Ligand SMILES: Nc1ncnc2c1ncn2[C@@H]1O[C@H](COS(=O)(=O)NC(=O)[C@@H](N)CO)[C@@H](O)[C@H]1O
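Only one chain comes next, encoded as structure tokens, the form predicted on its own.
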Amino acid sequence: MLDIKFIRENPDLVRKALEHKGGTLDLDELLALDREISDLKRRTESLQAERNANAKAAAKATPEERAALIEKGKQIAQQLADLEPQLRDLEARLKKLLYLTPTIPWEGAPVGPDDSFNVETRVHGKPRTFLFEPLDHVELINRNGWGELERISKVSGSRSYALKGDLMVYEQALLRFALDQLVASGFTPVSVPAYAREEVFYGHGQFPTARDQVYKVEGDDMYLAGTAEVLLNYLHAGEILPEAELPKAYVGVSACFRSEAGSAGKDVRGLMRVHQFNKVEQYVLCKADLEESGRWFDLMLANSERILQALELPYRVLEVSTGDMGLGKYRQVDLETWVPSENRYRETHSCSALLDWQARRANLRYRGEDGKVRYAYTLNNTALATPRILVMLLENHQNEDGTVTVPEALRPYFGKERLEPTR
């Protein structure tokens, strides 16, 4: 969320960001509420000053005067007691509105309401020309006995999957490969739970606006996370870190869950859009400096591109528009990887810089070398998510006999040059 002082001083800038990002916040309501709180705080401070002056006067008063001053002190105390719940209520209402404030997007972001305004900036590799009739990933899985897609739906419902044989081992090899790539890039590996308390999702920014995408653990204040970033972003909540300890560069590995509300009928078949998946996620907490944030953004994006290049997959780079990037993003760049059966690119990576938007929500602070306490900046990006990436790997690297070639970089992890049918 934004600093209330910044909002007061730059209402037109915030209003423009809300318009470009499709925000629902009533900024006039927020500003009116802020003024009401300021007035109430001034009234409270005035009464406190009056109470203190009255107490000093009572201490010096004669016995005849003291009784009246004591009574006056009680009346002031009651007025303060009456104002306290009013102030708490107003501040709680303001906090809810502040959760809906947008980060001001960077000047290079394409302006538009949705993903149709995203701009392709680069393309790496060329889609393969097949000399035979290629199969889609579901046909490859069924032909080779690499999964139980129909049977598992009876067990776990739609958008579930079960991998078998070489494909199950291949998925695990991919996750370890991505983890090793990030560790080699200087990131600290962290395993995190798949669940967290409600406050953690508010700190991340997924609540309140995307609550419908999250599974709740009934009977407990716990929710299932759709990325390790949710938990990594709250690891240092409430702390004041020395600047010397920054940046914190983490690579999180976890099972992830997403309800996929609003996607009825989309990608129901196969592995493209499932409720449970595995993800290797990059997360950075750095000092509040645009150049520093920019350097980490470039590094995280380069990490993801290096992984896709090692997997020998064609992809394109998209500068994401203001309306598609979400409220908290300063800048977002997506990588989309080629899917032969659909004859189009599909998103596999999303690199985001959020400045101090998450840090203010999660209370992530550091003490600078000048002694001043500041909110940090945060960034995140996918390193690799399965099973979605398996769609691209199976379809792009399939052979005429139904086997699938393993990219050379993955062979030390998988142990073979090809995925072969389950016997």
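Quick caveat: nothing in here was measured; it's all calculated off a predicted structure. So that there is no doubt, residue numbering starts at 1 and follows the sequence shown.
Keep in mind that the form predicted together with the ligand is missing from the display, and what follows is about it.
- Counting ligand atoms within 2.4 Å of backbone or C-beta atoms, the overlay of the ligand from its pose in the predicted complex onto the shown chain yields zero, and the pocket is open.
- Looking at T227, you'd find a heavy atom of it within 4.5 angstroms of the ligand in the predicted complex.
- Heavy atoms of F177 never reach within 4.5 Å of the ligand in the predicted complex, leaving it off the interface.
- When the ligand is considered in the predicted complex, R361 lies well away from it, no heavy atom lying within 4.5 Å.
- Not displayed here, the ligand is approached by E260 to within 4.5 Å at the level of heavy atoms in the predicted complex.
- Think of it this way: in the predicted complex, the ligand has a heavy atom of just one of D89, D114, E71, E347 within 4.5 Å, and the residue is E347.
- Interface residue among L30, A385, V391, L354 relative to the ligand in the predicted complex, by the heavy atom within 4.5 Å criterion: A385.
- Residues within 4.5 angstroms of the ligand in the predicted complex, judged by any non-hydrogen atom, belong to 271-279 and to none of the other stretches in 271-279, 96-104, 233-241, 308-316.
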